[in-house]
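Just so you know, structure 1 and structure 2 below are the same protein chain in two forms, each on its own as structure tokens.
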Structure 1
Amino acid sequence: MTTRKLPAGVQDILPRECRALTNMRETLSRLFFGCGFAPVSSAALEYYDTYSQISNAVAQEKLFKMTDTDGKLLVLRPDVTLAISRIAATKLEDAHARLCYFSEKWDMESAGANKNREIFQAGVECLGEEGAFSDAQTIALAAQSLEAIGLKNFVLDVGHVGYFKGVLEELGLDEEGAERLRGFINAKDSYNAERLLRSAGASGDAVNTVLALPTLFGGSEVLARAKALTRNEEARAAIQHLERVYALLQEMGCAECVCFDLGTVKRLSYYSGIVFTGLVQEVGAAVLSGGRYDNLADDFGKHIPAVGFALGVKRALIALERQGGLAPIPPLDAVIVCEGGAEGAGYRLFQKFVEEGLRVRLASRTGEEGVQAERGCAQKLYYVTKEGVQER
């Protein structure tokens, strides 16, 4: 009976979780506002061509598609960062801006386990900014965000797509081959990675460098190991950039939660530089993902360097609950029960308490029946009669 069920990959948010989500949004809103970010909200419906006819096209199978009344094909927003890149390139007078958002995105393909089709995100975009200091600030804000919402023992994995791109230069792979190799590396599938490289005629040194990528994970010592594995200028420049970012994070007091991972390679056409992922042990998927994407706005007519991140609110809530940090809904401060004929006086008391900032409910049932029904539902219970107010 489908009238009582939901499609795969979507879910209702019940009161306790909804309250936690509201608290999380309020916490992050204060943090982002205090750090100089202005809120922005992109349209939920856009034209199909916006995401299918660009160099960073979203795969058709990931798009929720529908037909407009004029026959044009529409999609539900599949990527918030792309949407904000469009806004920055076409609607902002000053491309140098710091924006934050709380938005849903929809992914037709994702469903099950930790994957949802309706994905609520909180994030920031630093537009028109370049350099190690901007990257370090963004990583520091990511750490602040995870800490602010109450997550503990999180790790920020930091890498750089330039390292993998530099290594690729020595392999002679076409774009399709490079994407296949990226998939093998991310899956830690050294067997198929080596087969692909051997069939492409890659040299022994190049093969050894690629196969070493999954081992390049850990503290700052990883950077020295990575630099020693290649002579490629782009790859070595990527390591130098990471060294500079790490030094800045140390100066800023934000390096304790940072480790390096050069063996997890994000989408090469989307990201242009540093990349990072927020992880907690309680969830088997990233709760936060970000990086530098200097070329995303190019498809919309303007080159705008940018760096940012998105925090997956649902996954963060799951992690908070498993860490014991998901607070229950607080009890009511008061319940007001009226005697028959004293409803007006009860309502005036109710309004007074609300204006004082209390969390209070005016009971719908009156008299002793109402008192018994509401007993224990709040810290205080007031009974209003024609003669006055009694605390019961």
Structure 2
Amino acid sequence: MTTRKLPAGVQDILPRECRALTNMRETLSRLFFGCGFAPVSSAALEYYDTYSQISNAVAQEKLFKMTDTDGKLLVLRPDVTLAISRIAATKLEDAHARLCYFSEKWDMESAGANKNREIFQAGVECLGEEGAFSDAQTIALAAQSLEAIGLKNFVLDVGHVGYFKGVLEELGLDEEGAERLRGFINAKDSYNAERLLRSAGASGDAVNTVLALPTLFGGSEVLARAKALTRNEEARAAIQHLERVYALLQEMGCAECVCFDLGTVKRLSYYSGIVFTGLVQEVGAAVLSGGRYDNLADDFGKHIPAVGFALGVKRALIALERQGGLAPIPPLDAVIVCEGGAEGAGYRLFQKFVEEGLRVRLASRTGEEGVQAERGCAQKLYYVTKEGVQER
């Protein structure tokens, strides 16, 4: 019976979970709005060409595709940051904007552990901003967001794409070799990285630096080690930037949860500078990820340096539940049952309670039958008669 089934990688969200998601959304919404971010929402359907013709093209196999009535190929939004970059470059008068969103994205390919094909995200983008202070503020807000939703013992793992890029330049590998090396480094596989470099005939300081990359993670002492390992200007500039951001975070009192990893180098990423992920022990994959993407909007016709992050709402929820922090739906404060003929009075009491902020239900069944059915459903049961109100 396919009419009763869902396709792979998507789920219905039932009341208890949906309530927790709504809570999380309200908490973050308040936080983001209070921090000066304005909400934005992009269309879920877009043209295939929008995402296949740009320099940071989304891989064809990741896109959910449909055909429009005129035969044009449509896709479900595959990435929120791309969509917001497009909006900022084409629709906002001032490209200097702080925007936030609560949005789904769809990834046809992803499935398996910790992965869904429909991904709920809450995130922010600081558009038209450059510099270490902007990066530091974004990281601080990422930490604040994880704290606000109730997560404990999280780590923000910070890196910079410039370090690997700079060191890679020194090696003079061809494109294929560079991509294979990136894969090994990203997997912290120094054994195969070394074999690859040896067979490519690479030599010099850069080889030692690359082979050290899988060990370049940990506290802030990593930055000094990384800096001492290279003379490449781009790589050193990356470290100097991280030092500056870290110093700012310390001054802001937000450096406690920060650690560093210079060996995280993902494939086909639009990030151009600092990158970071939010990690908690309870979930085997990042609950938050973000970074700087200065060149992303170029494809949409405007240069807008920007930094932002997205929080994976469902993964965060799983982490919260495993940390024991997921509250059940609170019981109703009151239920109101009307005597036959007293429906008007019952409705007026119901409205008064709602206005007072109580969570209350007006029973559809009336009389003693209603009282029997509603008993125990709420903290209090009120019975409204033509004469008045009794608590039952």
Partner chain sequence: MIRFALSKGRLAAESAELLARCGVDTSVLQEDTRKLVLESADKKFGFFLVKPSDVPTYVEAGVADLGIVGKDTLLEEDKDLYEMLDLKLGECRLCLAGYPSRRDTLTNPHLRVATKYERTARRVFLERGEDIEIIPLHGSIELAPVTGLADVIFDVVQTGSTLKANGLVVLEEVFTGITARLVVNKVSLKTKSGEILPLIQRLKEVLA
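When a residue number appears, read it as a position in the sequence of structure 1, where counting begins at 1. Only the largest set of C-alpha atoms that superpose within 1.5 Å between the two forms is called the rigid core. None of these values were measured; they are calculated from a predicted model.
Form assignment for the chain places structure 1 as the one matching the criterion, namely the form predicted alone. Remark: the rigid domain rotation between structures 1 and 2, smaller part against larger, is 10°, computed from C-alpha superpositions. Core superposition gives L196 a CA displacement of 2.7 Å between structures 1 and 2. Superposing the two forms on their core, we find that the Cα atom of E387 is displaced by 4.0 Å between structures 1 and 2.
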